[in-house]
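For reference, the chain that follows is the form predicted alone, supplied as structure tokens.
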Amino acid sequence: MNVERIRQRSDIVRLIRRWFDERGFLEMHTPRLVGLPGQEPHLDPFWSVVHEADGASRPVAFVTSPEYAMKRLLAEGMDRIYDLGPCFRDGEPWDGTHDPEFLLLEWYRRDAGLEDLMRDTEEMVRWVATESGYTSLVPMLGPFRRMTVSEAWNAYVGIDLDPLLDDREAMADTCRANGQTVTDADTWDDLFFKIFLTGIEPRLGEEPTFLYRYPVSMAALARPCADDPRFAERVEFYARGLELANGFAELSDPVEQRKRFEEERALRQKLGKKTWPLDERFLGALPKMGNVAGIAFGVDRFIMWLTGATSINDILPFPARERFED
């Protein structure tokens, strides 16, 4: 255990809370045990059982994110809220950048969009870096880079993405031309990520970068772009080769969100994964949420970046490899 790194971790978490508190955000403590987790096909929750005093029992999941609860709070009239606490994901690689239990920061603003999220993120990161006194972030003192996904494809792999949207065969040909293996089972998104993960993402951390305007098939809970519905108002933040944050100008249309959830649940079934009903209370709250934007920020990876740690195991008091391996 690196005691000095643990002290640094505590200082950074305290500073994050201070930044939000001093700017009028209210900290929320949302449930970590829920009956209906998110439908994301590539995130797997841990499941358990709760027992009532009369012997009745029901399955519960540990949240992969506090997103659903935070949005229901927004629908009740809350504004400028954040949640900073542990979240849980099963099936993640223990590769030095993941742990099954991790510290996640999420914050939301009413009457806001992606520019507000990017500004919040940049200002918070700069302020915490300055107040903590860490010098490893000197290279980021200039403006953080902002790129659309299409710009990143052009800049890093020399490919014009826009004509490939919704054209699986064209994307398959592009993958083959770039040395990627293509199978009949690959979806358009699968093919997109064959190039993105090998030729683009590893280079995004060369300087702090916001990547935004994702293809709408990757919208998750983001609304389509008003000027081009082929894209979605989604942003990710990259630094030192790692994705640190994922945010949306939030979709508030329950019909479209139901459709996406059903598609995600069908994909989970196709992948042989556990499925569960849709969260009707969440869907019912969406129209009352209004125009909001929110972002999930990985605190452990942020601490790695600030302190220069090369593994998440170096900044956790008791990493998974220590807790669960003999």
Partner chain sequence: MASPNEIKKGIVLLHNGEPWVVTEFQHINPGKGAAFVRTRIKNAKTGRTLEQTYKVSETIEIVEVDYRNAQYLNHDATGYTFMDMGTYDQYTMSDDEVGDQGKYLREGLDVTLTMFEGNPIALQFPRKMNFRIAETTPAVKGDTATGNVTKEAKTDGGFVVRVPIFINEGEEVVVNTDTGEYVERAKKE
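Predicted, not measured: the structure shown is a model, and the values here were computed from it. Numbering follows the first chain given and starts at 1.
One more form of this protein, predicted together with its partner chain, exists but is not displayed; see below.
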Of 148, 209, 154, 180, the only residue with a heavy atom within 4.5 Å of its partner chain in the predicted bound form is 180
Here the chain is shown alone; which of 127, 88, 144, 134 has a heavy atom within 4.5 Å of its partner chain in the predicted bound form? 134
Tell me, yes or no, whether residue 234 is in contact with its partner chain in the predicted bound form, where a contact means a heavy atom of each within 4.5 Å. yes
Given that the partner is absent here, does residue 193 sit within 4.5 Å of its partner chain in the predicted bound form, heavy atoms only? yes
So, in the predicted bound form, is residue 279 in contact with its partner chain at a 4.5 angstroms heavy atom limit? no
Verify the contact flag for residue 122: yes if a non-hydrogen atom of it lies within 4.5 Å of a non-hydrogen atom of its partner chain in the predicted bound form, no if not. no
Only one of 69-77, 156-164, 200-208, 107-115 gets a heavy atom within 4.5 Å of its partner chain in the predicted bound form; which is it? 200-208
In the predicted bound form: members of 1-20 within 4.5 Å of its partner chain, any heavy atom: 2, 4, 5, 8
